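First, one chain by itself in structure tokens, the form predicted on its own.
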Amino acid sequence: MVKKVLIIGGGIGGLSTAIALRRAGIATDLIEIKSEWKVYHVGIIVQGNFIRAMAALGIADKAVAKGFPYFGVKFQTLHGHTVAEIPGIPMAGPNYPTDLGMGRPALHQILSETALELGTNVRLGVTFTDIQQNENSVTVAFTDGTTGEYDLVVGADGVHSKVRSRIFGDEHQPRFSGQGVWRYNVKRPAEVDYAFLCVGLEGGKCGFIPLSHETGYVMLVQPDAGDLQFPADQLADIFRERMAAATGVMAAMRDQITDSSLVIYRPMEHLLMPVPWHRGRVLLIGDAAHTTTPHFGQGAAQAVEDGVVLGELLQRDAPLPQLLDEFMQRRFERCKFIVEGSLQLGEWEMNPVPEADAPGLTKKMIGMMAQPL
């Protein structure tokens, strides 16, 4: 039976896994390479399956209190005319919203404080230098000169995972999707108490996600070169220019984008590790195993679900290889759908075809995510 686990990476997936393991009574160490445990200031989309997973971790009430509940998503033109509306599904039960917007720092605070309160041994500014394993255990050497012995090591260190490279080699690397995503926090218009996406921009889309009663964030997705470096002092101007065709509420929020230092831009990358995501007693989760573009708003949700399922499985007194194989059976197809479906949405945006149906594929995704983990 698994009694002690090391998690490498203190992001959403790593922290969610720590919470799940501690609630299962498993001793848990977590190392995070950053000395300052901070996250960027924009927001995150939290859909029904994410809320359900947070309920399983015992933190859904805190998350809802810190965020902005809403119900479903609208597809609109750049001028505010609704062309499709997709209701959310209350996957966490009738007492919770179907969707939630919340600031990334607020989510990090809830996850990190809960993990610590439950007794996770967290070390910041530390990573591994070596991982050696045998049939019975894994021995890890750390950058602070110490070593530790574990029943399982979980690599939750993101898209450019060092654990992945150490265990699986350099064969599996993220690829650029052809698009980049821009985000900026703005004041939430009082009348906009929902999330919406605007179609009609060449090669992409823009939209708005409410984060609190006061704020939300504007997002923009458009084609870019993967290695393109934008002048840091011109990010706000470029962001606004790319949304010049918008009118109405979208234009009013666009005009709040004025401080280039607060613009978050990321090229979109994707990766889907083939089965299995484990080798011996080392397992990859989250972006280390299944990096998705944000078209479905499901990247973080899938990482949290990884943690919930792993915590559930490791409570059982069964051989670890059997439990890890069951983890793959429950997680792979679900994550595969998210990665491939998100890429399909991006492809339709960059290369429109008559059969493109973003609302239809989004509705299919929500229905699939409503299925039990």
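Please read these numbers as outputs of a predicted model, since none were measured by experiment. Residues carry their position along the shown sequence, with the first being 1.
Heads up, the form predicted in complex with a small molecule isn't pictured, but that's what we're talking about next.
Novice: Partner absent here, but in the model of the complex, which of 236 to 244, 283 to 291, 189 to 197, 79 to 87 has residues with a heavy atom within 4.5 Å of the small molecule?
Specialist: Selected stretch: 283 to 291.
Novice: Sort through Lys74, Arg104, Lys205, His270 and report the residue having a heavy atom within 4.5 Å of the small molecule in the model of the complex.
Specialist: Only one listed residue qualifies here, and that residue is Arg104.
Novice: Answer with one of Gln133, Thr114, Asn185, Thr127: the residue that has a non-hydrogen atom within 4.5 Å of the small molecule in the model of the complex.
Specialist: Checked against the cut-off, the match is Thr127.
Novice: Residue-level contact is defined here as any heavy atom of the residue lying within 4.5 Å of the small molecule in the model of the complex; does Ile44 satisfy this criterion?
Specialist: It does: once the small molecule is placed as it appears in the model of the complex, Ile44 has a heavy atom within 4.5 Å of it.
Novice: With a 4.5 Å heavy atom cut-off, would you call Pro210 a contact of the small molecule in the model of the complex?
Specialist: No, Pro210 is distant from the partner.
Novice: I'd like to know whether Val153 contacts the small molecule in the model of the complex, with contact meaning heavy atoms within 4.5 angstroms.
Specialist: Answer no; every heavy atom of Val153 is more than 4.5 Å from the small molecule in the model of the complex.
Novice: Even though the partner isn't displayed, in the model of the complex is Glu305 close enough to the small molecule, meaning a heavy atom within 4.5 Å?
Specialist: Residue-level check for Glu305: no, no contact with the small molecule.
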